[in-house]
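Next comes just one chain, in structure tokens: the form predicted on its own.
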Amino acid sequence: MTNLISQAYDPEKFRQQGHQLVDKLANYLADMQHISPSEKVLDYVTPEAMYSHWQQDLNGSLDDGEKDFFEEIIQSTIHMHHPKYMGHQISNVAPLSALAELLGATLDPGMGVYEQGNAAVVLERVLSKKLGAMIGWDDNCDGFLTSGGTLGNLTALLCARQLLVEVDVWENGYGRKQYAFMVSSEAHYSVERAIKVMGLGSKGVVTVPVDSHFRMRPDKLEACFNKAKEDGVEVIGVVTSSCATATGSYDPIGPVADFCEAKKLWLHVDGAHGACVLFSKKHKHLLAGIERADSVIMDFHKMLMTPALVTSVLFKNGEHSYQTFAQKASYLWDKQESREWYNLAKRTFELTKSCMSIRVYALWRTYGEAFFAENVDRLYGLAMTFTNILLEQPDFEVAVKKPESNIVCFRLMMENWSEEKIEIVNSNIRERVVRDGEFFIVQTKVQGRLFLRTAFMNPFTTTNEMELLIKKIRLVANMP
């Protein structure tokens, strides 16, 4: 063995480096909870400048002395734990879950088959059964974890296709038949992407209108279904959003389930962001009817304080999940048709996937369900508080006056401004706020109109940060 390899695997060196890194991260967390006025969410650097810096760093041509790599990464990465971070829906990671990820990354067993994944494979089933029970399903339910909501939605819709399409698509394709799923006009882009990846094209997406709160209108399902049928399109399922990514609105699952049962269609709930209210007594009513769904996905890496990516894919009837893929892998198992829940690759895209179950299990086991509920309730409450503050401002408009989640869409506007001017002003505001780095917010289009958008992800955010954000927006709006 070479000296370099021996150094890399030296237990004492690892112990020393680990202690140093944990100390740095603990200091970082302390700083984020006791913010100094000069502490920014992001020290913005252009992509090209950042690329040049790290290219020189790797080439050893930087003349900056012995800089600490870990410290520099902390400083040059956006601070998700900062109370003025109100941007994308990325988890405010709990330290224990990060430590569990370190454990999983070090052991790195591979999760496709039980003989490789062992305990972590079993933990996936324990979590899936627990979540299924919370949905209201019986013990026939089952599921697993996968890498993100996009892959989760695709997996669930592939299962629906395999069960409801009459031909063997895996072997023979679709032939001349056009199949489709009905989705809200506010559905996450990953749903349309999944449908098109499946080879169904634009006709595979039948768009259902939304109401004034951006929720799917069940009263329009029949007309959309009949129109698709007239156009030679066979609808095989409906996808509801819990919640819509842009506005945070929840589609009414119960009435959609009525329609699906009458038409014998698959009902999938894209709960990547908002199904976390399963843990909340206060907000669980937003998922009324979810027990009637055939499949559900939920991200732990959004509001459940877990490092990305951890998405739960759940099926009401666990047997259905085995029919999603029909491919032979004789080097992994002897009997392709056997129902081996512990050999995950029979039901997932991934064979070699990360050891993600322990990130969730460590939190759940240590703090209980109340831990997740408390965070969800806190974040949803922050959105309502911010909305109420905005409604008191004569120069601000909000898209949803009673937000259903932690998402708030708003914009600065004056009575005499045209829609074009409103868009230009607010787009400039967002760019200036991000480049300044004191706050981090995003922007989105809501039915063609541009809005600024906050997603409250940090439970340490307060009304003080909200009021400072409003002042900051007015300030940068008046900059030349």
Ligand SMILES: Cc1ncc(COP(=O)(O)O)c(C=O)c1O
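Keep in mind the model is a prediction, meaning the values are calculated, not measured. Sequential numbering from 1, following the sequence displayed.
Omitted here: the form predicted in complex with the named molecule. The next part is about that form.
Among 378-386, 299-307, 109-117, 95-103, the region lying within 4.5 Å of the named molecule in the predicted bound form by heavy atom distance: Correct option: 299-307.
Heavy atom to heavy atom, is His79 within 4.5 Å of the named molecule in the predicted bound form? Flag for His79 set to no.
Taking the shortest heavy atom distance, is His273 within 4.5 Å of the named molecule in the predicted bound form? Residue-level check for His273: yes, a contact with the named molecule.
Look up in the predicted bound form whether Gln89 has a non-hydrogen atom within 4.5 angstroms of the named molecule, and give yes or no. Heavy-atom contact with the named molecule at 4.5 Å: present for Gln89.
4.5 Å heavy atom contact, Leu314 and the named molecule in the predicted bound form: Contact with the named molecule, no.
Let me know the one among Ser357, Ser295, Thr324, Asn153 whose heavy atoms come within 4.5 Å of the named molecule in the predicted bound form, would you? Answer to the contact question: Asn153.
Considering non-hydrogen atoms and a 4.5 Å limit, which listed residue (Asn343, Ser280, Ser190, Gln162) is close to the named molecule in the predicted bound form? Filtering the options by heavy-atom distance leaves Ser190.
With the partner left out here, which residues of 226-264 have a non-hydrogen atom within 4.5 Å of the named molecule in the predicted bound form? Counting only heavy atoms within 4.5 Å of the named molecule in the predicted bound form, the contacting residues of 226-264 are Cys243, Thr245.
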